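Quick heads-up: it's one chain on its own, the form predicted alone, in structure tokens.
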Amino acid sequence: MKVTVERSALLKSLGHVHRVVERRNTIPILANVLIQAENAKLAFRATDLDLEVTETIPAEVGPSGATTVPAQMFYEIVRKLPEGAQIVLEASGDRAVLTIRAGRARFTLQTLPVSDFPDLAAGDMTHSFKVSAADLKRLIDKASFAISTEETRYYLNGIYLHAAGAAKAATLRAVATDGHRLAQVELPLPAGADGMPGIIIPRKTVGEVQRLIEDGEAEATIELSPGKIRFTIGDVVLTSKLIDGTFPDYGRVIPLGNNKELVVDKAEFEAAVDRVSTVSSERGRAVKLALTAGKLTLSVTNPDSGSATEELEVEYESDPLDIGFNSRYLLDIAAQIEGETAVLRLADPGSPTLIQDRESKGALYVLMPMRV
């Protein structure tokens, strides 16, 4: 095998692929990236047995061939080579090494047999549809912050993606919750997604898809079955196993009768919460919202360090109410609001609060209160 390729194209491609490789591996082949060269194309593939990323780039291919090399080391070598360098990769069948040459620099890396490299067989995908990369990124970005990191409730360690709504108002909906907060984001149901199974996309896969979307103008093809999902974005193909579990009936947590409406300037509110929470304890993080007509008083009391209060003018005409929230969770949700105004619908100090963007439809957030 002999391949000549430009450094920037090689680095970008390896940047996408090498992240999938776990830094600590008990199975040596999983630390490697598979390199395949044929028909003026160079393909890379990496896997952790749950997730597989493949990318293909154009290259000058002499004799075609394939090999596997340590992914992290290969990436670091290419990263440190001078910009604009032409890189030559060479491997011969009788020697278990890959030679990397660029200018006067030369490296040889130990290889492992291609036959050892696992194939994450995707099987038949039952549904296939296309969405713009920008829509997919928004769907994932606005829900992913609420994914649970608690391993015991593994079925919450991802985003629940499913078709929701009725005929004309059918949507593709992404939901994530960690039991303290919930995010629900949706977009019109793409053609081909009708009747798709409800699936849970693992947290690591969600993170990789977020990183792979570099061009919002691109189109993403999503193929799925009850056990696997495949994203194709440009020259990159990401295949992943899904979480085998049942996502809870999240509809029961979304409050319907919250009749106390608080309207705030999103930027002012976010900055004020951030300021007063400076004195909160790492463990507590509680911020108290005291509501009276037209006024919101934010306060934090930390017995170890002091206290803070700040007043905001708001739109609020209901009965006075005192309610507490985790300030970090409040800031996480505020960061998702795209417009200038946030609407909080409250009930009482012990019930969940519904938070929405006044200007943007298709996203809602639920936050459980804290005792303060």
Partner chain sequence: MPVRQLSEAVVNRIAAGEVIERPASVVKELAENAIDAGATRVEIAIDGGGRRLIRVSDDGFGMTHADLDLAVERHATSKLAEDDLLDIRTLGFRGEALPSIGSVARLSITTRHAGEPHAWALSVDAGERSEIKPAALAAGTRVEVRDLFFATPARLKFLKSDRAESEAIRDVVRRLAMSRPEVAFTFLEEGRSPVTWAAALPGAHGQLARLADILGADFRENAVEFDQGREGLRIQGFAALPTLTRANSLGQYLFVNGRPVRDKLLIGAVRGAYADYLPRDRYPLLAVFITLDPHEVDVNVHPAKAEVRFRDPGLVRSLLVRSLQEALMRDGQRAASTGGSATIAAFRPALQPRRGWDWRRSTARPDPRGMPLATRGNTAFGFAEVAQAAFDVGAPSANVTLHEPASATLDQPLGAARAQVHENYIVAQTRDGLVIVDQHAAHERIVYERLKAALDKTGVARQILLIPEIVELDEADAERLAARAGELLRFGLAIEAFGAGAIAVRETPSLLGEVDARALLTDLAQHMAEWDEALPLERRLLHVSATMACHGSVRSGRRLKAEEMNALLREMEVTPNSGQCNHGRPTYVELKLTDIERLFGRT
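Positions refer to the first chain, counted from 1. Every value quoted in this text rests on a predicted model; they were computed, and no experiment measured them.
This protein has a second form, the form predicted in complex with the partner chain, left out of what is shown; the following refers to that one.
K.L.:
Can you work out whether the partner chain is within 4.5 angstroms of a heavy atom in all three of L49, L156 and L182 in the predicted complex?
P.N.:
Answer is yes for this spot.
K.L.:
Have a look at 145 to 153, 221 to 229, 104 to 112, 123 to 131 and name the one stretch with heavy atoms inside 4.5 Å of the partner chain in the predicted complex.
P.N.:
Every other range fails; the passing one is 145 to 153.
K.L.:
Ok, N326, S64, T341, T54: which has a heavy atom sitting within 4.5 Å of the partner chain in the predicted complex?
P.N.:
Exactly one listed residue reaches within 4.5 Å, namely N326.
K.L.:
May I ask you to state whether T177 is within 4.5 Å of the partner chain in the predicted complex, using heavy atom distances?
P.N.:
Heavy-atom contact with the partner chain at 4.5 Å: present for T177.
K.L.:
Although the partner chain is absent from this view, report whether L30 comes within 4.5 Å of it in the predicted complex, heavy atoms only.
P.N.:
Heavy-atom contact with the partner chain at 4.5 Å: present for L30.
K.L.:
Do G15 and the partner chain come within 4.5 Å of each other in the predicted complex, heavy atoms counted?
P.N.:
Looking in the predicted complex, residue contacts with the partner chain do not include G15, since no heavy atom lies within 4.5 Å.
K.L.:
Within 4.5 Å, heavy atoms only: does K137 come near the partner chain in the predicted complex?
P.N.:
Answer no; every heavy atom of K137 is more than 4.5 Å from the partner chain in the predicted complex.
K.L.:
For the stretch 341 to 364, return the residues whose heavy atoms include at least one within 4.5 Å of the partner chain in the predicted complex, in the order they occur.
P.N.:
Residues within 4.5 Å: D348, G350, S351, P352.
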